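So this first bit is one chain, no partners, the form predicted alone, shown in structure tokens.
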């Protein structure tokens, strides 16, 4: 069942003091997230993936388009924010900045239980700490007394403590050691199964997205330029930009041809007409300046004239 949908979502930000010019951070983005599924958003810095996360969490309002959760428009649901945030939670990149350094872990975890009037606080604390594989005496500790991996487990514990339906995980392993990343990814997979909770995994890491995701959407210059099932998209990318990402982080068990020049990230203030990737693309032609549409091909979606 479809749980969350973005329908042609646009987000503009004003430039300068007067704000007469605007920069488009998210450009007509549409995708669906289903029950008990993990959907990954991939792209380099400035691609718009974190902005989409903030729109879903209600931290920003879309300029146009709709975000639909459980059949209702999120802008309407946010009129009763307690109900919305009981079902929609977030995990952010830096677990230390997400924790109040002068509050004990127990106080951090108890707060949503008190806000949403969930009974049996101590019992629920024991359950959730066990689920993220932390000892119960963690409730008496301060954030600086925990390792980075333990702090991220605390943040994950808080995100699931109200039993939400969907969790936005923005780069949840990017600040952790390589040895700890796999355990956090495995924890997300287990929580997806145990809680029947959906995740939106925002990342720049193709390998982790392939490992835990059901579907992947690749973003470039505020647009989704390719979407498909995780294994299909990573093993056989269609869009030249996805191929570039894939060739920059190869799987040692597979080979893929380098696509040549990489160029510089796009300037969102001065994007070219048509395909935004055109200045970096080795396959670019004059026709690319007038082409900007998503094409469906064999169950995949790709924004590229090569598949017209």
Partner chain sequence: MNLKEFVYFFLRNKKIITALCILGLLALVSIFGPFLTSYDPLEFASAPYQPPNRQHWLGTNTFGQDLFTQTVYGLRSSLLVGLFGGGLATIIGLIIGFLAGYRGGWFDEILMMLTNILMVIPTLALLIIIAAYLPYRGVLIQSVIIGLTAWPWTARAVRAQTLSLKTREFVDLARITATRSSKIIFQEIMPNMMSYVFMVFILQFGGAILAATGLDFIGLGPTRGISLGIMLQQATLWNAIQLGMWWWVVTPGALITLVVATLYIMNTGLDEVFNPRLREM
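As the structure is a computational prediction, the values presented were derived from the model and not from experiment. Residue numbers count along the first chain shown, from 1.
Quick note: we don't show the form predicted in complex with the partner chain, though the next part is all about it.
Stretch 79-87 is the contacting one of 79-87, 229-237, 188-196, 127-135, since its residues have non-hydrogen atoms within 4.5 Å of the partner chain in the model of the complex.
Though the partner is left out of this view, residue 97 does reach within 4.5 Å of the partner chain in the model of the complex, counting heavy atoms only. Contact annotation: residue 115 falls within 4.5 Å of the partner chain in the model of the complex, judged by heavy atom distances. For residue 174, no non-hydrogen atom is located within 4.5 Å of the partner chain in the model of the complex, even though that partner is not displayed.
At the 4.5 Å threshold, heavy atoms of residue 54 reach the partner chain in the model of the complex. Three-residue candidate spot 282, 291 and 307; no residue lies within 4.5 angstroms of the partner chain in the model of the complex by any non-hydrogen atom. This chain is displayed alone, yet in the model of the complex one of 221, 146, 155, 166 has a heavy atom within 4.5 Å of the partner chain; that residue is 155. With the partner omitted from this view, the residue of 204, 111, 210, 141 that lies near the partner chain in the model of the complex is 111 [heavy atom within 4.5 Å].
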